[in-house]
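One chain follows as structure tokens, the form predicted alone.
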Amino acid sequence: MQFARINDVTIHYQIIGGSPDKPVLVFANSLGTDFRIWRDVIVRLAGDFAIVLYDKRGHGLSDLGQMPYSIEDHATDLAGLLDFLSVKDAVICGLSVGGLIAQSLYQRRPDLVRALILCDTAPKIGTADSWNARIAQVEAAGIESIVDAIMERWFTPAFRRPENTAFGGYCNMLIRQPVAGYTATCAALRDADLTETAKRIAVPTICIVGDQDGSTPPELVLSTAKLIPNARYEVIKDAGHIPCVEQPEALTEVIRAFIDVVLRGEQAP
């Protein structure tokens, strides 16, 4: 395991070496998860690309840090980690809140961002009322009390079959996140609106969504793609909010194809 002290927060990360001729890929995960959600994508990309994974503050093995949080705090953590690792000009792939972190990173440190892969995300997710209700529920009764509702958004009915052992594992992942880190990041999402930032994104961008996403449905992600100049849009079939778990092969193919387009565009005369 690898750890770095960033902005007075211990951040758990992993770096995997790859081709020096291709951009570094950086993965930022969703609310209530740790970086293990990317495993089945990473095994398909490792060796071809250098890869950085990390647990944002309040999740996984990273510190809680000082609260309250903002999306900007999360983005500053990521910027500090990339500076620590001497990574610049990376392709940032963010899922859900990770996608807002990616957008904020571009706003604050465009030197770190070569392209954006925005998965199941938007410049603004949910309403103040919905986030406040979730925070109140978790503070009163724990993350266990929202698991069923969250899993219906995260995964398709086919994945949620009782005989699917992996489904139980992802329930455990959510339940075992620190309550304080979870609710603080809910509050950060509640307070975030990066609409104006999205309108000014000037690097190659693709917006990807699972066709059965219950948290950031396809129409929301499509509207995000329309907001970002020249952004591409792709739907992953038979996937909910976390296509890297349900359809890693399809997601990996989309990521590879997008990076190929980015590199071809940069190499054109």
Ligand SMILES: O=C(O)CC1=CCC(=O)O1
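When you see a residue number, it is the position in the sequence shown, counting from 1. This structure is a prediction, so every number in the text was calculated from the model and none was measured.
Not on display, but discussed next: the form predicted together with this ligand.
- Backbone and C-beta atoms of the displayed form are kept clear of this ligand by more than 2.4 Å after its pose in the model of the complex is superimposed, which defines the site as open.
- For the three marked residues, Gln14, Leu25 and Phe84, no heavy atom of any sits within 4.5 Å of this ligand in the model of the complex.
- This ligand in the model of the complex is not approached by Phe159, whose heavy atoms all lie more than 4.5 angstroms from it.
- The shortest heavy atom separation between Tyr182 and this ligand in the model of the complex is within 4.5 Å.
- Although the partner is absent here, Ala115 is not a contact residue: none of its heavy atoms lies within 4.5 angstroms of this ligand in the model of the complex.
- When contacts are judged by a 4.5 Å heavy atom cut-off, Ser96 counts as touching this ligand in the model of the complex.
- Only one of the listed residues (Cys171, Ile135, Ile150, Ile143) places a non-hydrogen atom within 4.5 angstroms of this ligand in the model of the complex, and that residue is Ile150.
- Proximity to this ligand in the model of the complex, taken as a non-hydrogen atom within 4.5 angstroms, holds for one residue of Thr224, Gln212, Ser215, Thr205, which is Ser215.
- Of the candidate stretches 25-33, 62-70, 228-236, 196-204, only 25-33 contains residues with a heavy atom within 4.5 Å of this ligand in the model of the complex.
- Residues of 186-202 that come within 4.5 Å of this ligand in the model of the complex, judged by any heavy atom, reduce to Leu189 alone.
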